[in-house]
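Here you get one chain, nothing else, as structure tokens; it is the form predicted on its own.
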Amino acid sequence: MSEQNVVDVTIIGGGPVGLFAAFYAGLRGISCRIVDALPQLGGQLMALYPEKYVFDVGGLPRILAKDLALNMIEQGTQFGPEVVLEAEVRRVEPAEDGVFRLVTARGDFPTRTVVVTAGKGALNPRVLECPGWDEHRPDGGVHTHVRQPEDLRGKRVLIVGGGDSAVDWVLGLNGIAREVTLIHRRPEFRAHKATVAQMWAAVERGEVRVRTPYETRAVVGEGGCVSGAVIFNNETGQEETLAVDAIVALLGFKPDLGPIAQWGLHLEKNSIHVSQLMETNVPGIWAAGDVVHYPGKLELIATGYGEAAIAVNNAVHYLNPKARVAPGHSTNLKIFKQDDE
């Protein structure tokens, strides 16, 4: 194993939490590598909803996901970490002489410590399990996420779901799509109260339609293109057909840790169990973000930032027991004072 390829910490996952971890690694002066299975940094912010607004990141009243991702990429790569994309980590082999070996299709990557920030793992969206869905591909009108709202301009859009993404896109497509209709199987929504209130206000203004408790019976169309959706009231059984040009099923994702589940880490609720120091059961491996579980865990980007800082600072102390866990405040660090001079 060539020593020149060994880094102090490898971060598995290039989303916002992983990028903040890379920033903190640079802040602490240790060498860093980011490995991600996607073709670009930014995680779900870039891959799934670049045009969606994010409201719950401190200091940013609202920001497009793609802009947040670009800011995070700038912050996370400012200290020059090695970036390896389109490389799924298949195995993390035990430390030998203090070095782990990360095995990918693009080669093996040695590292002294690991911080896993892989989100929920593989992105496998739930789809509508009804006749007609499989016959219509995204180019025929069925979707599991919205990448570019302009793709739906002037179309009659049916959104299925009751969480944040569904309610957000009802508002986001209002004024872009010709018609926006949301159906949800329950009268209650799991989205933030403020956005739900905005949605109902738009309903009262006649700008969008919301139907509950409704579900999808079938997707209909001709020549591979969607022309309608058969929906039904799950309390009365009443059925009707809506004329639509596109259906967006925002039903969440099936948790799938993929190869991570085979790394010998202690798993709980399809997540990696960690201590309050973000330690896993394997010495030298930490985890942060949506991939972890501990009592009181909140799956928020804001929470992930703090977890990333805890993980990296403890990795620094692991590498050098004489190093302090707490680095101090960034305003007092020499590294930034030099930049200001």
Ligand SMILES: Cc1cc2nc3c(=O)[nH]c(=O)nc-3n(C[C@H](O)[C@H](O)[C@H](O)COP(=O)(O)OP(=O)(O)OC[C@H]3O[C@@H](n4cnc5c(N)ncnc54)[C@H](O)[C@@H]3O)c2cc1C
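Here, rigid core means the biggest group of C-alpha atoms that superpose within 1.5 Å across both forms. Owing to the predicted nature of the structure, the values given are computational and were not obtained by experimental measurement. One rule holds for the numbers: they count along the sequence shown, beginning at 1.
Keep in mind that the form predicted in complex with the named molecule is missing from the display, and what follows is about it.
In the predicted complex, at least one heavy atom of residue 37 sits within 4.5 Å of the named molecule. Of the heavy atoms in residue 301, some are within 4.5 Å of the named molecule in the predicted complex. Of the heavy atoms in residue 89, some are within 4.5 Å of the named molecule in the predicted complex. Mapping the unseen interface onto this chain, residue 17 counts among the residues with a heavy atom inside 4.5 Å of the named molecule in the predicted complex. 54 is the sole member of 70, 27, 277, 54 with a non-hydrogen atom within 4.5 Å of the named molecule in the predicted complex. Checking 189, 169, 109, 263 against the named molecule in the predicted complex, a heavy atom within 4.5 Å turns up for just one residue: 263. Considering the named molecule in the predicted complex, the lone stretch of 219-227, 194-202, 171-179, 80-88 in range is 80-88 [heavy atom distance within 4.5 Å]. Annotation for residue 269: C-alpha shift under 2 angstroms between the shown form and the other one, rigid core superposed. With a cut-off of 2 Å and the rigid core superposed, residue 190 has a Cα displacement that reaches or exceeds the cut-off between the shown form and the other one. Panel note: the distance between the CA atoms of residue 255 and residue 86 is smaller in the predicted complex than in this form, the difference being 3 Å or more.
Relative to this form, residue 268 and residue 255 separate from one another in the predicted complex, with their C-alpha atoms ending up at least 3 Å farther apart.
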